[in-house]
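Let's start with one chain on its own, the form predicted alone, as structure tokens.
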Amino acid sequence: MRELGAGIVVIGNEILSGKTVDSNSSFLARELRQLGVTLKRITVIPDELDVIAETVRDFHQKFDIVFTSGGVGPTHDDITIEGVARALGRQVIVHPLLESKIREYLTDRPVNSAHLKMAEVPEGAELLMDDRLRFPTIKLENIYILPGIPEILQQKFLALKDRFSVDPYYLKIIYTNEIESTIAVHLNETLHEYPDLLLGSYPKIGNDEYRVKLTLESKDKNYVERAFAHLLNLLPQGCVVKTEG
């Protein structure tokens, strides 16, 4: 089975200070899971050049795919491009295609240094074009540089997503009306029998419908179905509210 491991680097003082809530990593996590990509790590870092370079270099070496989010605008704190370039020992250049698109977008208005900053890329970067997007996505080796604005990030990722598709995860869900401590022994027994199963247990407080949601995942459909049947057989009679998948 084909596996891809991914890492997400969220860049921005506004996230760390609580001024902005990060919704980009949760969006990417959901999308990647549906594509069969295993998200290995999410980290949030400040707008500091050395920190960006060090973190991106580490992720570049450890994971098959890296996504950065934020820090690609025209202002003083938008230093992601320079950080990614430094991570891989590259120079920052003005890409002629991006420059021409910016000049075209501005029509007869004067082009200033802030506008041209939006045309900067790490040397050797690839521009991923898509007819649905006004501007291409910048890719350097296995690093995809995405904006911090959620609406634009989502548009860019959805235009790219087909290139990341691998063997999917198969998911089964059990909702129970028992508390976790009552069913924990049955979860442990199931994992002993099916050690490669990805088994999650999520209590829900104040919910009239169920108390614990159990998720069973595997890239082997038959494996997860056998584990699902095994766990259902172990759970106390009458505790299962419903199942999905």
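The first residue of the shown sequence is 1; numbering continues from there. Since the structure is predicted, the reported quantities are computational estimates derived from the model, not experimental observations.
Although it is not shown, the form predicted in complex with another copy of the chain is what the next lines describe.
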Find the only residue in E99, D77, E123, D167 having a heavy atom within 4.5 Å of another copy of the chain in the predicted bound form.
D77
Is the gap between N233 and another copy of the chain in the predicted bound form 4.5 Å or less for some heavy atom pair?
no
Contact between E14 and another copy of the chain in the predicted bound form at 4.5 Å, heavy atoms?
yes
R109: heavy atom within 4.5 Å of another copy of the chain in the predicted bound form?
yes
Contact of Q61 with another copy of the chain in the predicted bound form (heavy atom, 4.5 Å):
no
What residues, if any, in 199-229 have a non-hydrogen atom within 4.5 angstroms of another copy of the chain in the predicted bound form?
L199, G200, S201, Y202, P203, I205, T215, E217
